[in-house]
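A single chain comes next, written as structure tokens; it is the form predicted alone.
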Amino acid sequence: MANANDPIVISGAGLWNPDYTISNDELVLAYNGYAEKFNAENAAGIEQGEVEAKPLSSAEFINKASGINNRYIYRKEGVLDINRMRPILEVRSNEEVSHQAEMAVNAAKKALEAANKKPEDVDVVIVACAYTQRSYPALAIEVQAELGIEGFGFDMLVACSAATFALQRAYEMISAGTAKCVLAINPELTSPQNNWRDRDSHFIFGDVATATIVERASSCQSEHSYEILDTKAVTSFSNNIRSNFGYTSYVDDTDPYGEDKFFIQNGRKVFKEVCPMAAEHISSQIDALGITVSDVTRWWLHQANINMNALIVKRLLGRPATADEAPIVLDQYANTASAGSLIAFNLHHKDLQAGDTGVICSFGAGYSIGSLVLRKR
């Protein structure tokens, strides 16, 4: 049960970056090379209107459309090869730690260190992200074993809201007394599901892993901790962001690597519908807590598109936000699915003073929105 004298807190956060990056200039050079080759090979069909020509891109177009300049990538080899246009991911045996679990473990170790925790202090592991590289066994159970954690673990997929939804499940379990310390991890290996041959989406995603420790204040031993004042989630079905990749492709005789099996979206509709939905979600949450937008020191928002972030915060504040109020990390990380708001939190929380309030909010496919209101202790 909730206990005002022993609140539930975020006591540690971890951020792990892959070794490789791809700049807009690199990406555009490869994509344009691929597009020109495709157009030359399909010139007759294009001229007859049977094949649609691939449009060219530019670094300026990408930056204006998204605010993205760079992205981290788990494996760079193969992405910039115009004859391949996708990463080369080496196959690992069942006895080796899987790629995504390795990412998760790397971030988890950083969160444990930040919280001054040992694996034996944790009793639940949640791996929450947009994609998992396999259906079972759960990545969370593999991560649990790699870290030497007793208890249980499970995976959950809520697209770009997975991280905040996982933190809410952690809060609820600790509140109910079914867990004492929860490790929520977001290993976002997005690059295999990115359509590197599509001008309008090839630049969007990046790979990263974040992790967060949630526990009671009485067991917290970290320098920086944040009381969770409130959690809120909402979902509303929409097809405007979708990926149809799945195991049924084998039996419905569709191409498992067809265009609809990658990330696809109707960007204009998403922008028009999600921005007001997210702003209303947050404003009603803080109103219910008896605080105002002016009481919020920091907004750690989902990092999908700089124009979306700017509009949402402007709706909340009635003016453009400063970089200090609503930090942007997508310029260097791109859209990292559910991890975006947690990257912003990892990089921009230690300067807050005791009593300062902040909001973590993510939003995306579903539609889904998840948010937490925090207060620095």
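Small disclaimer: the values here were computed from a predicted structure and weren't measured. Position 1 is the first residue in the sequence shown; the rest follow in order.
Although not depicted, the form predicted together with ligand COA is the subject of the following passage.
Interface membership of residue 335, defined by any non-hydrogen atom within 4.5 Å of ligand COA in the predicted complex, is confirmed. In the predicted complex, ligand COA stays beyond 4.5 Å of every heavy atom belonging to residue 165. Looking at residue 70, you'd find every heavy atom of it more than 4.5 angstroms from ligand COA in the predicted complex. With a 4.5 Å cutoff on heavy atoms, residue 267 counts as touching ligand COA in the predicted complex. The stretch that touches ligand COA in the predicted complex, counting heavy atoms within 4.5 Å, is 55-63, out of 348-356, 39-47, 324-332, 55-63. The single contact residue among 199, 117, 224, 169, judged by any heavy atom lying within 4.5 Å of ligand COA in the predicted complex, is 199.
In summary, among the residues 204, 107, 189, 213, the only one with a non-hydrogen atom within 4.5 Å of ligand COA in the predicted complex is 204. Not one of 129, 136 and 154 is positioned with any heavy atom within 4.5 Å of ligand COA in the predicted complex.
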